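Just one chain follows, in the form predicted alone, and it is written as structure tokens.
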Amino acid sequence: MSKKVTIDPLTRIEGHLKFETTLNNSGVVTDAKCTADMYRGIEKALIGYDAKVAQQVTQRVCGVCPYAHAEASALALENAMGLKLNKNGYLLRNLIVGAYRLQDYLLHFYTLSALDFIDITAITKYQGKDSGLLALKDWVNKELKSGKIFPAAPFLPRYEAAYTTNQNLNISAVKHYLESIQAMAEIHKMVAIFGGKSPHPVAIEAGGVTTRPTVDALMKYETLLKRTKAFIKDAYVPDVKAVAKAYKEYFKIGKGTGDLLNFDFMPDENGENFLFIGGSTINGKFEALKDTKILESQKYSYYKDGKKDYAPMEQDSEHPLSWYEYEREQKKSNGKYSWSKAPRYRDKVVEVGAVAQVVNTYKSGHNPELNRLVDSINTELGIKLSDYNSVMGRHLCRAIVSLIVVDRLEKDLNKVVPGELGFIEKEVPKNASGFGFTEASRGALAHWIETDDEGLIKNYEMIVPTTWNISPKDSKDRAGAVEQMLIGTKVADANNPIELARIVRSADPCIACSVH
């Protein structure tokens, strides 16, 4: 007899995600539904406003990766303007978005995901002299004796599962969990040096970066970058590798479709030669990006008129269901079930994110440094590139991206010309259109803009990473990327479905972004 396992909401992610799975008699997932349970409508609310406000407003789509929306929005308007930045413009933008990327990956691993693998209760047996760990041990013990319903939150309660028994790994990861908070705070300072503030940097504009790079600012950034690099190399990457070695079976669990999509990310000072090359891997074959091949389906989304797939910017308004229509769909066995839409690339269900960035760039052969790093790590862990399509592959790829990005930031920092403004001002064009593609922390991000005869926003559209990954089924009834990661998974204990939580968190979903 089949059994339903529903997690609602999944904690330690951004936003409210519900997912429902059906298990057969053997405990294997045979069906899955991911539900984004909220509606926002920010993109269409921009219509009629000055095109330059989009960089600031669209950042509010997300509190975790606002920098990426600022960049994509600026790129879209620059594309409409036909504007190319000066060298400092490209370099300073890299210093902002690259730093933010590092912060997001530390946040995802330590704050959101590590607790799925390490045993936080190991801290109660700690016998060392580290003051931070001793303070945490004392706090956890007091919480456990407090009689609270949920003591030691957010570490407990948790699913009863096979957490690692490697005490050295547990204590090391907990120590770095605490240290990562300081590391992330310092990265926010790096973002703010040239971004003006963090989160939601204000200096990224169409035309470059409005903060003038002084010698003092460059030196301050360099000091923080050195400490960030040390934490990534000495703590973050070793912890990810240690977890990967302890849970090697998770290189076989949570496999998606294997079809991958990413966009170009971090150009050189001339706006060319990107650090990560955009493209797709479909049926194992890498191809350069074909942006016209994107269509969206809303057959299973809470919108009217869901029979026809449509291209970006084909719709200039949204038609969400009324409350009564929503209730009718809830009662159907095969009705609409998410506020997220279902984008498809070249008619394929694709996964976006760090795996796509690493695998596609590796296959492109464009970045020899990345290829050498991937080959070295694969040899150390005894895995293949095909194993990256997995729970552990997603964690590992974020670590790989971090190593590549932090080295690039050092190089870009040394190329910045002190005192030279990296910004070119230009009027918003009338009756123009443009697009901006980049990579957010969670994957491929695209903005499109169209202006009217006064230069105001006539239409605006975003397709964000989580919309790709946690999309519902499409017009051909094909499950979304994360839904396919869940299907086929063996769940050992339906009352403690840790396998499912590990899979979904490995994709780092952001529901606030996905429903924008």
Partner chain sequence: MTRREVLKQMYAVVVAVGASSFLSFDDLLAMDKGEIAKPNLVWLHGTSCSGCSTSFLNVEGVPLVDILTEYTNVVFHPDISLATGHQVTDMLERADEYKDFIFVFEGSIPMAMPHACMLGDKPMTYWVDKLVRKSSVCIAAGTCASFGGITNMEGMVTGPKPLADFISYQGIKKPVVNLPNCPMKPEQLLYVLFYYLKTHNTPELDDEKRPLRFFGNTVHERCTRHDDFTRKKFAKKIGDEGCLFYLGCQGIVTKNDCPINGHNGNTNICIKAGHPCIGCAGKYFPRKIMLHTYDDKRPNERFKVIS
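Positions refer to the first chain, counted from 1. Since we're looking at a predicted model, the values are computed, not measured.
Although not depicted, the form predicted in complex with the partner chain is the subject of the following passage.
Peer 1: Would you say all of K18, K148 and T210 touch the partner chain in the predicted complex, counting a heavy atom within 4.5 Å as a touch?
Peer 2: Answer is yes for this spot.
Peer 1: Report the stretch among 24 to 32, 461 to 469, 48 to 56, 474 to 482 that approaches the partner chain in the predicted complex to within 4.5 Å, counting heavy atoms only.
Peer 2: This holds for exactly one stretch, 48 to 56.
Peer 1: May I ask you to choose, among I377, L83, L321, L218, the residue with a heavy atom within 4.5 Å of the partner chain in the predicted complex?
Peer 2: Contact with the partner chain in the predicted complex is made by L321 alone.
Peer 1: Can you pick out, from G306, G258, P199, P312, the residue that has a heavy atom within 4.5 Å of the partner chain in the predicted complex?
Peer 2: Going through each option in turn, the one that passes is P199.
Peer 1: Is there any non-hydrogen atom of A153 lying within 4.5 Å of the partner chain in the predicted complex?
Peer 2: Yes, A153 lies within 4.5 Å of the partner chain in the predicted complex.
Peer 1: Report yes if any heavy atom of R227 sits within 4.5 Å of a heavy atom of the partner chain in the predicted complex; otherwise report no.
Peer 2: Close contact is absent here: in the predicted complex, R227 is far from the partner chain, nothing within 4.5 Å, heavy atoms only.
Peer 1: So, in the predicted complex, is E499 in contact with the partner chain at a 4.5 angstroms heavy atom limit?
Peer 2: No, no contact at 4.5 Å.
Peer 1: At 4.5 Å between heavy atoms, is D37 in contact with the partner chain in the predicted complex?
Peer 2: Yes, D37 lies within 4.5 Å of the partner chain in the predicted complex.
Peer 1: Taking heavy atoms and a 4.5 Å limit, what residues of 81 to 108 are near the partner chain in the predicted complex?
Peer 2: Q103, L107 sit within 4.5 Å of the partner.
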